[in-house]
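Read on for two forms of one protein chain; each stands alone as structure tokens, with the labels structure 1 and structure 2.
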Structure 1
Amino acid sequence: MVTLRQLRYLSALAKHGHFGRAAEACAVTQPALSMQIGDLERTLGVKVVERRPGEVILTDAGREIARRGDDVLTASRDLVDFARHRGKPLTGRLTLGVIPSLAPYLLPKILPALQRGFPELRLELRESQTRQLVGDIKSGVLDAALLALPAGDSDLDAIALFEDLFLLAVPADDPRPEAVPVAVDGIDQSRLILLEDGHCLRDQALAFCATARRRDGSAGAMTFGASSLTTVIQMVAGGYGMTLIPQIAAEVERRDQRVKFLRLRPPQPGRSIGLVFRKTSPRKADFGALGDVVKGCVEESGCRPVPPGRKPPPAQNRADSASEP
């Protein structure tokens, strides 16, 4: 009979490709793991791993078995999570991913409120790009993530939290007055400074500009890859170009006197920020509560963004955030 223990050991073995290290990861000795894998192979009637000198690789069948095993483990972990957290939202450990263009601006708003409202919550944060976050949510490494919708994965569910409009950040000495919204034509794509590849914000900005206009044939855009929005703003301040920046970040970056932020004429581009989690997650109650906290913080911070009143996030007539990360 197959056991969860065998699947756990197999999962570790698949991950480490090494009996000794897999055993260590499972906090058992190597023979213990060897025997469990052996038992598994015997009960399934298939060689699961190829033991070759210098490396241990899964067989084809083994790969599929490990994949299914991970599904089983995730489901059982969910079961335990459900039982342990049922009835008391936002207590205990909760691992949350946040995209880099959001984390430094949103977290300072919500962490104090969370701490105050849910002192029993032990939040573990991770900052990564959307692609990574989605993978980690699906594999159960993360419970949920704050990112720009849509996440575009049918295994995932989302709660829309707020709309985050884009502003055009330009040097303070730009001739255009701050009061007048500029048309997208005001954006010289070749002077656009963006985050490095892989950031959803970069893709959204590019998508918006692409639909807005295409000044020359070159895929162009001075797409120097900064790793943080603050860096991007520094470059704008230094007169190296301009950028599209989400309102929630502009609030903070506005401190720098050498830049100013111009609003854009409708249809204003923007992104829809949401809380994403596995459809089968056992902690939906937590996510509802967490979402409420975020909405509350964003609202009371006097920020323009407001929670939308609909389920499926829009992303129509705005940046095409359908592109992966």
Structure 2
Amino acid sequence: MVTLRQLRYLSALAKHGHFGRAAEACAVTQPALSMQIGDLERTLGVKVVERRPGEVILTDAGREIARRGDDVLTASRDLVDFARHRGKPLTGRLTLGVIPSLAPYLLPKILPALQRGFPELRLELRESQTRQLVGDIKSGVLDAALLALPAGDSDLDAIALFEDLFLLAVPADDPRPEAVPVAVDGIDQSRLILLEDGHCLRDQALAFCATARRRDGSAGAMTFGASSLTTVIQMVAGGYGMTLIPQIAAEVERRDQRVKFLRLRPPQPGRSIGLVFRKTSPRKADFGALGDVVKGCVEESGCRPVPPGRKPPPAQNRADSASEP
């Protein structure tokens, strides 16, 4: 009979492509992992791996078995979660992912609140880009993730938490007053600094800029890429350009006196932040409680919590849809 251990070892082998690295990830010896893979092949009557010098490649059958095996492993973890978390919400282990443009600004707010309100919670955090987080939720590596909606995957569900509007960060010597909202045509897109490829915030800013070009006919160019909003703000402070920054980040980043933040005229671009999880997860009560904590912590940043029961936005970029009449 196929065992969960065999499926777990096959999953590690599919991920690492090497017996030694897969064994290390599973905290077993290489011979033990290799023996279990051999037993799996004999049980199923099919070869699942093709051994080559220095690497391992899954056969066509092996890739399909690994994919189906990951579904079984995820279901088994959900079964354990169901049994363990039927009592008080937010107890035990919970693995949570957060996108980089949110983690340094939101986590310092919610972690103390979680420690006070849910002392039995053992929270494990991972910061990564949206695509990686979505894959980790689907595979069961993560229970949930805080990211910009929509997640764009039919296997996932979400709780919309708050609206995070964009501000325009400019050097402090910019002549425009902070009290006067900036029109779209007041943004010199040739000087707009964006995060590097792969960050959803970059995609949202590009969608807004595409809308702006449709309005004024400008052809702007993105001249820089960076790996963190703090780096982008330092570039703005140095006079290299301007950037769009989420409101939740402005509270921290405006401590730099060399930068100021301007509001944008309606319709203001922004993003919807939500908690994303597998539709099949048994921990929806936990996610609801976590969402309530997040909502209670963001109001002081000027972000608008989403009322209970409101559905997440459809699979369309909010920054783009904000331009529609």
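Just so we're on the same page, residue numbers count up from 1 along structure 1's sequence. Worth saying up front: this structure is predicted, and the values here are computed from it rather than measured. Throughout, rigid core stands for the largest set of C-alpha atoms superposing within 1.5 Å between the two forms.
Note: the form predicted on its own is the second of the two, structure 2. The Cα position of residue 294 differs by less than 2 Å between structures 1 and 2 after fitting on the rigid core.
The rigid core superposition between structures 1 and 2 gives a CA shift for residue 27 of 5.6 Å.
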